[in-house]
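Given next, in structure tokens, is a single chain: the form predicted on its own.
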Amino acid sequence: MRAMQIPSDHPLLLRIVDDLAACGWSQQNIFLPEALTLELAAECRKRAAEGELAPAAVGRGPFQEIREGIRGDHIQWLEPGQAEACDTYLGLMDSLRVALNRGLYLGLEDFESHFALYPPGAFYLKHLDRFRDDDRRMVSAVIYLNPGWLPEYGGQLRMYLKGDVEYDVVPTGGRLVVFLSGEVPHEVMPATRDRLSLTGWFRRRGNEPF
């Protein structure tokens, strides 16, 4: 599978840009091809079987700690060149980064992403993706890797939108959810089976000297 990028004016990307401008979030039910979704799911499960996924921490820097009463997923960050399917996914996300910059002038410089596996019963309590002391994360993007997922399995992403609206996203394979990192509180509900995703953030330049 070759690296995949699509034009920044592709209708699917423009729809995401328009959604973010209008309401701060977007859901695209078929963003990844099924074959790529299956490859990424297999890669996540392979890494989990090899012990490469570690319990996720809360906080950042020296204040990070493992607190399963807040979040219970296991993660591994992506690096270019690790796996062809991951590089294809990163190429697609870079196309989206360019589209977001052209449409919304966000100044997004890079994209960070990790596999996330929630074992049965694991959850992540309500939170914002932007840290209080680091405002580089501008746009969150979650791709689900669960083919054949049924609503009764649980594992919904619950977003808390303006006007006291709660909106649940079923984590069906190939589905993409994008939202403004500092404006949409959300949580992950427990599921009855393993729940796989790729979670990432488009970031602008920070104030650090490096």
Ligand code: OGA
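The first residue of the sequence shown is number 1, and the count goes up from there. Owing to the predicted nature of the structure, the values given are computational and were not obtained by experimental measurement.
The same protein also has a form predicted in complex with the ligand, omitted here; what follows describes it.
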Report summary line: Note: exactly one of Leu53, Ala41, Leu180, Leu157 sits with a heavy atom within 4.5 Å of the ligand in the predicted complex, namely Leu157
Report task. Please pick, from His74, Arg97, Arg136, Arg71, the one residue with any non-hydrogen atom lying within 4.5 angstroms of the ligand in the predicted complex. Result -> Arg71
Query raised in the report: For Trp201, is any heavy atom within 4.5 Å of the ligand in the predicted complex, or not?
Result: yes
Query - the ligand contact at Arg102 in the predicted complex, heavy atom, 4.5 Å - result: no
Report task. Look up in the predicted complex whether Leu36 has a non-hydrogen atom within 4.5 angstroms of the ligand, and give yes or no. Result -> no
Query raised in the report: For Phe123, is any heavy atom within 4.5 Å of the ligand in the predicted complex, or not?
Result: no
Requested in this report: Tell me whether His127, Val188 and Ser197, taken together, all sit within 4.5 Å of the ligand in the predicted complex, counting heavy atoms only.
Outcome: yes
Query raised in the report: in the predicted complex, which of 41-49, 137-145, 22-30, 160-168 comes within 4.5 Å of the ligand (heavy atoms)?
Result: 137-145
